[in-house]
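Before any questions on binding or motion, here is one chain by itself as structure tokens, the form predicted alone.
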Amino acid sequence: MAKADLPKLFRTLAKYGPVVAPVRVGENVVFREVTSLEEVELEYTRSLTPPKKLFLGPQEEILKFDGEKYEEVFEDGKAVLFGVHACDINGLLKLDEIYLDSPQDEYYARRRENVMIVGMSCVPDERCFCTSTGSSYAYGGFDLFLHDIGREYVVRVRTERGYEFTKDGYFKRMEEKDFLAFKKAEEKKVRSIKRKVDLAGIGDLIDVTPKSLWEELTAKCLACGSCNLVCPTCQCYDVLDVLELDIRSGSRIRRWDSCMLKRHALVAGGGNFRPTVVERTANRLSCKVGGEIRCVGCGRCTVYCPAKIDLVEMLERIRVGA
């Protein structure tokens, strides 16, 4: 597809539902609803908050209640998530393993079914390390993916829903030169990702890292939870009831939670499984890279940490043990 025809695709996608896309806001990029392609930031590295917020809201009402009566609240509207990078698509696939497994989370599942995902080539920077986590390429989890090869996009079609949007005349079949251009562009992108981290066996090393090194690694940590809030694979949430003045009716909401906050592991009686920053950091790293790799190498936790703590540097220190 010629780049000149991207506005046509955008208008066609908008007929499916509201389009949520990356938009430049000051120094950051955020995903929000747009009405025209001119609003979209096509060449960006990472958004501030991951696009997972469209499927698992930062705070969302899940039911209303009045005494013993209650009614679940579902959002069934269709939408298009446009301009998502491979790392964030792989992040959604990791969330699928949690929320679509039995027992399935119906709130997440309905949105996953209703939201059409259109991926797009990224612009890596010095903080990206997605090749180390196997997340630099998305094999699934999307409907369409647009790969920039210069004046054109190579369009990968993953679903039947996506295929329906490629029937207009401005799409054409790939030729050998297009395959070669696609291969060259992907190789160039991979070469541009210079940052690497060895994750083999890192879980065992996390378990045996001495407390003295943990204290050094976490000395600057504010335990603010920002690393969790910007992570595309963090799945923890809290549930609470908000009562009206009659103390009978109200709403039940769920909101993102953070394992870096002291209250996260707080239990009845005031006990806490992870009372210190050291224990909470070790838990966070074990969750992300201790077994199955649940990090996608997007670099958000490093870029947006107010204390400038670098995840890759921390993992490298743990590997060498000093």
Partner chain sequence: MNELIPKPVKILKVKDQTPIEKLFTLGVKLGQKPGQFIEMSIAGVGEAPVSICSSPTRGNVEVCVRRVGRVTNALHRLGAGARVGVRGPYGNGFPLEKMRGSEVVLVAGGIGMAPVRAVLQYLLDKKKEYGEIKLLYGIRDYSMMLFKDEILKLMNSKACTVYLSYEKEDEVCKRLRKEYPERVCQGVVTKLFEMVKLNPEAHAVVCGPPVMFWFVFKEMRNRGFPIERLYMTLERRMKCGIGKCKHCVVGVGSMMKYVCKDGPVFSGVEALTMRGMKYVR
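Positions refer to the first chain, counted from 1. Predicted model, so just to flag it, every value in this text is computed and none were measured.
Omitted here: the form predicted in complex with the partner chain. The next part is about that form.
Only one segment in the set 161 to 169, 117 to 125, 235 to 243, 132 to 140 has residues whose heavy atoms sit within 4.5 Å of the partner chain in the predicted complex; it is 235 to 243. When contacts are judged by a 4.5 Å heavy atom cut-off, residue 41 does not count as touching the partner chain in the predicted complex. At least one heavy atom of residue 99 is located within 4.5 Å of the partner chain in the predicted complex.
Within 4.5 Å of some heavy atom of the partner chain in the predicted complex lies at least one heavy atom of residue 283. The closest non-hydrogen atom of residue 37 lies beyond 4.5 Å of the partner chain in the predicted complex. Taking the partner chain as it sits in the predicted complex, the stretch 188 to 205 comes within 4.5 angstroms of it through a non-hydrogen atom at 203, 204.
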